[in-house]
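The chain below stands alone, shown as structure tokens; this is the form predicted alone.
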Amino acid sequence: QITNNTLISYICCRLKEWVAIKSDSGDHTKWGEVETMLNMAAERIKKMGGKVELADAGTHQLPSGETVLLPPVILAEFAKDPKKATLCIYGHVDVQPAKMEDGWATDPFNLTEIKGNLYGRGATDNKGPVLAWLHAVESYQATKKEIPVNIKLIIEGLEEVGSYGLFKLIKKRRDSFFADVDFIVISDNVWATTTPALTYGTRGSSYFFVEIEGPKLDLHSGVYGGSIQEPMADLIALLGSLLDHTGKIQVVGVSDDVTPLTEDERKLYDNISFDLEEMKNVVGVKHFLQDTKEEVLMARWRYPSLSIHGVEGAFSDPGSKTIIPRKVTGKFSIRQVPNMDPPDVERKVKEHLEQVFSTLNSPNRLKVTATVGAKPWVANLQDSQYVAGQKAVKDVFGVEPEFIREGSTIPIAQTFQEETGKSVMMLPISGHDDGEHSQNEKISRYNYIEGTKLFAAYFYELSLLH
């Protein structure tokens, strides 16, 4: 029996210490703070009796050409029993940037409790869930109960910028650290509603840059306007060719390989307590592109989408500036779903843009590049991890979990599955309104504490099924 009194006495205080470390991985000059956070996590695990290796992740070349050392990756494990299943827990302790002037109501690096919510950068993504896993282990230790599964952990500090070096490390340690692992669990996502969830799929992503270069310098629009083909006009035509007014991707063949919807999968959406009207209010829109709950969720989770993100080189400051930019770069991405292959998608996008550009008869120069290329991931709901997860949710929350997908990209899931061949599951404890990556990120005290209980119950349920 894990009581609130056992947990509350230190659970929030420890999260406050972790949130105070400004482990923003977006700026490599601040990776010292990331290492400070990794060292703090490593010391916590050592005090719990764990064996910790700060594994070398290699180097990374910056856009400037400079090569820098990457922060290490924590590879940790507790005492092993060969008769038990081995569970490997993944998490990250780096965070997105955050400043008061961004619109935070409280200091983002000073955990603040307001009406049962714990506000701070990293509270839900992903320091809170990582700590909850450690607290679940400590709960067994504190009550003198044997942990029913062997525990390993892999904790990184560069997830928010693409996990530099991690994929190579996983491949390198496949036959050593991961050799005896049976299950891998990730808690780096959120519920879709107020009901606890198990996540069985994520979308992949490819990011595109469309560069149009024209004259050798910016020009006065009064002097040259009307006499040259403007790069911005070309770019707008290209970006406008990507989507129609219903949100359908117009790139020929890009959606041909999407896995068809089965009746069994369709039924998973019936019991998801997603309220369209509430979500309209949360987002601040009058209507979605789809009409029903099921259609909206499928559009976000199991079908590809294309989003236009911005234009580099264009004038965007307040006021007016009557220049013709000499070079502009449009930025967009495509979220991909199972059966879609990033290199194939990227080839089709380039062919589409080149074809549209050819119809403009423009003297300007087009350059299309693609980055990221992360694959989608989908799991088997009959996997014993999902059976154990379902039972653990019922044990702790008294309800059946919703089976959901994640619309964003979590490349590590597919990497684990491909490189190790192990069972992978996502077991979130974060709320649908926690605002990860946004202003006023938080985790509720309820989710934090009950999530710790969920993880402890999951250890037990997993051991029964192994």
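In this text, all values refer to a predicted model and were calculated from it rather than measured experimentally. Heads up: residue numbers just count along the shown sequence, starting at 1. We call the rigid core the largest set of C-alpha positions that still match within 1.5 Å between the two forms.
Omitted here: the form predicted in complex with a further copy of the same chain. The next part is about that form.
- Of the candidates Q290, S384, T112, Q390, Q290 is the one whose heavy atoms come within 4.5 Å of a further copy of the same chain in the model of the complex; the others do not.
- This chain appears without its partner; in the model of the complex, the one residue of S221, Q141, Q355, T194 with a heavy atom within 4.5 Å of a further copy of the same chain is S221.
- Judged by heavy atoms within 4.5 Å of a further copy of the same chain in the model of the complex, the contact stretch among the candidates 347-355, 81-89, 373-381, 201-209 is 201-209.
- The closest non-hydrogen atom of R335 lies within 4.5 Å of a further copy of the same chain in the model of the complex.
- Residue contact with a further copy of the same chain in the model of the complex: E312 places a heavy atom within 4.5 Å of it.
- Proximity of G435 to a further copy of the same chain in the model of the complex: non-hydrogen atoms within 4.5 Å are absent; the residue sits far from the partner.
- Proximity of D317 to a further copy of the same chain in the model of the complex falls within the 4.5 Å heavy atom cutoff.
- Three-residue candidate spot V285, V296 and S305; every residue lies within 4.5 angstroms of a further copy of the same chain in the model of the complex by at least one non-hydrogen atom.
- Residues of 228-243 lying near a further copy of the same chain in the model of the complex, listed in sequence order, are I228, Q229, E230, M232, A233, I236, L239, G240, L243, the criterion being any heavy atom within 4.5 Å.
- In the core-superposed comparison between this form and the one not shown, D317 has its Cα shifted by at least 2 Å.
- Put the two forms on the same core and the Cα of G284 is off by 2 Å or more between this form and the one not shown.
- For Q390, a C-alpha deviation below 2 angstroms is recorded between this form and the one not shown after rigid-core alignment.
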